[in-house]
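First comes one chain, alone, set out as C-alpha cells in the form predicted on its own.
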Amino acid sequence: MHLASESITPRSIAIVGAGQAGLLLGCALLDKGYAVTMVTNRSAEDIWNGKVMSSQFIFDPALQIERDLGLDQWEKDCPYTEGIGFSIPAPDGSGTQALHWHARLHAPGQSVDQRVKMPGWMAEFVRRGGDLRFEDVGVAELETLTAAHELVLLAGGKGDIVNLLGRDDSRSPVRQPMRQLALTYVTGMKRHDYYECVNFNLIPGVGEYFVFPALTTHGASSTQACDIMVFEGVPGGPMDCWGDARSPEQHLETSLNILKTFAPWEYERSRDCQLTDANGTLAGRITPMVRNAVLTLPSGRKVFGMGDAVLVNDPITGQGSNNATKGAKHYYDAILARGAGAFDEAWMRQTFDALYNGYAEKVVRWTNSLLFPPPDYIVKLLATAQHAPALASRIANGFNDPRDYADYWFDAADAERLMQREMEAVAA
C-alpha cells in the first residue's frame, strides 16, 4: 500500500549527496510516499559541464535494480557490453599476449557517464516530488537536517564531511593508495572482431589497464558513445606517470604511450582516438577503506552513512557503482521494512552490518586481493581459463556477484580442485 495513504504526515528523510546511491534511494522512496530532501553542492548544469568523475561500469544485477525502480532512462542509447576479456603480456617484452581469453556475461552491462546520469536522475527526483537543495554541508547543516527529519543519510563520497565517519580499522586492511589512477574518455577506438567486452590487461609489476564502451556527454544537451580507458599504475612504477600531463592533450598522449609500451594490442585499437571533450580526463589516488556507518553529531543525533561514504573500493574490479546500487536497494528494503519504527542507531548498525556481512565484505576482500601481486595459483587459474570455457565464464560472471569468488579465489587448494574439475569436463 502507498505510504501516503496510511499517514497524513509522511515519514521524512534527508539524503546528503546526489550520486548513484543517494539519487537511486531518494527516487525509490518518493514512489513509496516518503518525504525526501536531497542536499548536494553541485547543480545538474555544473555536473554536465564538469570533469568526468568515475569509470562507473554497471553489471546486469545492478542494472536490473535501476530498471525495477524506473531509472533506466539511457539503456536504449548506451552501448551494451556482453563479456569480460583478460590479457597478460608475454614476459619477454615481445609485445605479444602470453594469455588472452574472453567470456560472455550472463547478461550485458553498461556504463553511463555520471555527467549524464546524475543530471537526469536529479530531474527525475524533482519530477517525483523530491525537495532538491544546493548547498555545502558541514556539521551545522547536518544538525539542522537531523532536527527536521526522521532519518538523515550521508551519501557523499568525497569531501571533508565523509571523513567525520572515521575508518573502521577492523574492516580496512589497506591503509594507503595502492594505485595511481587515471581515466581517459575517448572516441574513435577500433572495435574487436568479437562481442564487446570489458577488456582487462594485467601487467605484472606495472599495473592494470581496462577499457570498455560507455555513453557520455556531447555538447550542451546530447549524448554520444565513447570508450573509457582506465589506468591503474603501481605507485612508483612506469605507469605512475601522470604528474607531467598538464593538459588534456598531454593526458591522452600519456595514455597512448602507456599502451604502446605495455599493451601494444590495445594501442593498435586506440592509436587514432580523440578525447570526447576537454573534461574527459582524470587522475588521482584512492585509499580503499570501510568507514564507520554511524556518525554521532555534537547534539547526540545520528547520521547514517551509505554508498561511497562508507564503502570506498579501488576501481580495479569495477564494483563501485554496483556496490552503491545494491547498497541503496538494501537500505530501501530496510527502510520499508522498518514501518513506523524509529530509525535509531541500533537499526542503522544492524542494517549496515547485514549489507556488509551478507555482500560487501566479499567484494572488498576480492577487490583488495587484486591490489597485490597475484599468487601463482591465480595466474594458473587465469591461464587454465584460456582452455576451459566454463571456467572462463565463471570467472567473468563473478563480476556480476563477487561473492562467488569466495568459493575458489582465496585458497590454492580450492582453486586447484576447480581447475581439475573444469579440465576434466573439457577432456570428457
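When you see a residue number, it is the position in the sequence shown, counting from 1. All of these numbers come straight from a predicted model, not from anything done at the bench.
Below, we refer to the form predicted in complex with a small molecule, which is not included among the displayed structures.
None of 256 to 264, 189 to 197, 307 to 315, 96 to 104 except one has non-hydrogen atoms within 4.5 angstroms of the small molecule in the model of the complex; the exception is 307 to 315. Looking at residue 78, you'd find every heavy atom of it more than 4.5 angstroms from the small molecule in the model of the complex. Proximity of residue 159 to the small molecule in the model of the complex falls within the 4.5 Å heavy atom cutoff. Not displayed here, the small molecule is approached by residue 55 to within 4.5 Å at the level of heavy atoms in the model of the complex. Of the heavy atoms in residue 135, some are within 4.5 Å of the small molecule in the model of the complex. Contact annotation: of the candidates 207, 327, 109, 320, the single residue with a non-hydrogen atom within 4.5 angstroms of the small molecule in the model of the complex is 320. Checking 403, 387, 380, 42 for any heavy atom within 4.5 Å of the small molecule in the model of the complex turns up a single hit: 42.
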